[in-house]
Every structure is written in structure tokens, then in C-alpha cells.
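Given as C-alpha cells, the chain that follows is alone and in the form predicted on its own.
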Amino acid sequence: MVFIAKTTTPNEWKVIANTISTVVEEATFEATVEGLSFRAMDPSHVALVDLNWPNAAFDQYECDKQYKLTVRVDEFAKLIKRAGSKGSIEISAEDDDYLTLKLQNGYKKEFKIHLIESSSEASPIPKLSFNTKVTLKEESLEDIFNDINVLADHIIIESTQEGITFLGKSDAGQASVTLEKSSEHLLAMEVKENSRATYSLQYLVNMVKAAGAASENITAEFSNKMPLRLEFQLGDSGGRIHFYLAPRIEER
């Protein structure tokens, strides 16, 4: 068994560990000749994370066949955090028992964690057709979600040909943020049909905080009363993370 994935910095690994920890406690990475992938839905079946990290994005990548590597996310995340800000990370597996992490930043560290049996099957990707697609700066979207979160637990997103509006309301009050199509924070916008949907805000706040750390821009796609998809780029590595969030039924 030969699987080795090495990067010169720990940034992408840290983003992946933080992102996965927002949805599941156990993570199954699938390694193939083409690269590394991960897909899982949270226990409430509200949110889904889909990772694709091609082999060309790594400083070194070796994989002689298809492998499924399942780890406890909290253990994996703790070890990834032990990497320095500029040190390299090498993750490998030589048998079915352990995943080995080698960290180097002036000196070498090596950890081994037990691989565990997967308790679930990979979640299917929903087949969706989106009517609205917008791209925003990461810091802009994070700021908007935090603004709405001051007064609300859920967010209503509305799109028209003129722009996009984010709304939140609760017993405490209400908040809204509107970006016109010409806004410098709205990098791209395509609206085939006006759309409106409501989503749980805490999922979005947590996901943008975790996955947005490696992505300068975030693309959001949704349709009327349909799931939302966010796309995060893994820096310049060529990898990407898709996050799907189911809508809430009650909107008003």
C-alpha cells in the first residue's frame, strides 16, 4: 500500500480539517491516482461538504490504487494544528492500521493515528439547477453573515437583476444588507430568475470562517426555495470545496 500526499505549507490541510469538523466527527478521505477527495453530510442532513484536491496541487503525491482512509476528525485536526505556519506536511499510509503525519519546520515531527472503519457511505451530490450565481470577496461575505447574525439565526437571500439582498429578523429586530450589481464587493453576478430562500445562518458563519481562510473569493449559487451551494478555492492549489446547505421551509 502506497499513499503519500505532501504540501510545502500547512494552510490547505488546516482549512480542510476545520471545514470537515463543522459537519462530521469521522471523516473518510478517498485517495485515487487523480487526487484526494472527501464528501459527507452532517447528522441532521442539512449540510454537505464536498472536497476535490487534484494530485497536481501537491508537492508530492503517490497513490498506487484507490484507498479509503477514515479518521476521527478531532484527532486529525489536533495533529494538523501542530504544524508551523510555514512548515511542510506529509500524510501517508502504508497499511490499514495507521495514518502517518510528518511535519517539518526547522525540525521533524512524526505522528501516527489509528485508522478506523467507516460507519457511513459517501453522500450523493444533489442534482441542482441554480438560477442565481454570485461571486463575492471572502471578507465581504463573512462580514455580511456576521452583520445579520447580530439580530437573527436565519438569513433570507433575495436576488434580482438589480442586485442581491441579505435579510434577517427576530424578536430583537431586523437587519438587511444590499449589494447592487455595480458594487465593488460583488465581483460577478448572473440571475436567470429572481430567487428567494431562507437558510440557517450558523452553518454559513461557521463554514465561511473555516473554508474561507484559503479562498479570496466565494461563489454562491441558489434558486427559489432550493439549497445553497458555496464554492471555496483551496488557495492556488487547484483544489476546491463545495458546501451545500438545505433551505428552511418557513420564510416569513
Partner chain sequence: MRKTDDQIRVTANSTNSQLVNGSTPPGLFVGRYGYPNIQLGPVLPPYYGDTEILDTPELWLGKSLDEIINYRHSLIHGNMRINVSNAIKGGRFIETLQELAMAAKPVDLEVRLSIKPKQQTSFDGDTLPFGPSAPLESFKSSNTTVDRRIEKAYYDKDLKTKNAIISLYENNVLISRIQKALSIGNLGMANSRKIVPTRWSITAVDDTISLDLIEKIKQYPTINEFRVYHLRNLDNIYVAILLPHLWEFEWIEAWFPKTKWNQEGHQPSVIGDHEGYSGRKTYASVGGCYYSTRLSTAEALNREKRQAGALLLREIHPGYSVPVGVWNVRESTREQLRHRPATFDNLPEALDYSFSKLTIRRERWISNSSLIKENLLQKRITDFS
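Residue numbers count along the first chain shown, from 1. Note that the coordinates shown come from a computational prediction; the quantities given were computed from them, not determined experimentally.
What follows is about the form predicted in complex with its partner chain, which we do not show.
Using heavy atoms and a 4.5 Å limit, would one call P227 a contact residue for its partner chain in the model of the complex?
Judged by the heavy-atom cut-off of 4.5 Å, P227 is in contact with its partner chain in the model of the complex.
Would you classify R248 as touching its partner chain in the model of the complex, given a 4.5 Å non-hydrogen atom cut-off?
Residue-level check for R248: yes, a contact with its partner chain.
Verify the contact flag for G173: yes if a non-hydrogen atom of it lies within 4.5 Å of a non-hydrogen atom of its partner chain in the model of the complex, no if not.
No, G173 sits far enough from its partner chain in the model of the complex that none of its heavy atoms falls within 4.5 Å.
Does N194 reach its partner chain in the model of the complex, with heavy atoms at most 4.5 Å apart?
So N194 does not count as contacting its partner chain.
For the chain shown here without its partner, which stretch in 140-148, 121-129, 94-102, 107-115 has non-hydrogen atoms within 4.5 angstroms of its partner chain in the model of the complex?
Stretch with heavy atoms near the partner: 121-129.
Which one, L69, V46, L186, V205, lies within 4.5 Å of its partner chain in the model of the complex by heavy atoms?
If I apply the 4.5 Å criterion carefully, the residue I get is V46.
Since exactly one of A213, A57, A220, M41 fits, which has a heavy atom within 4.5 Å of its partner chain in the model of the complex?
Result of the distance check: M41.
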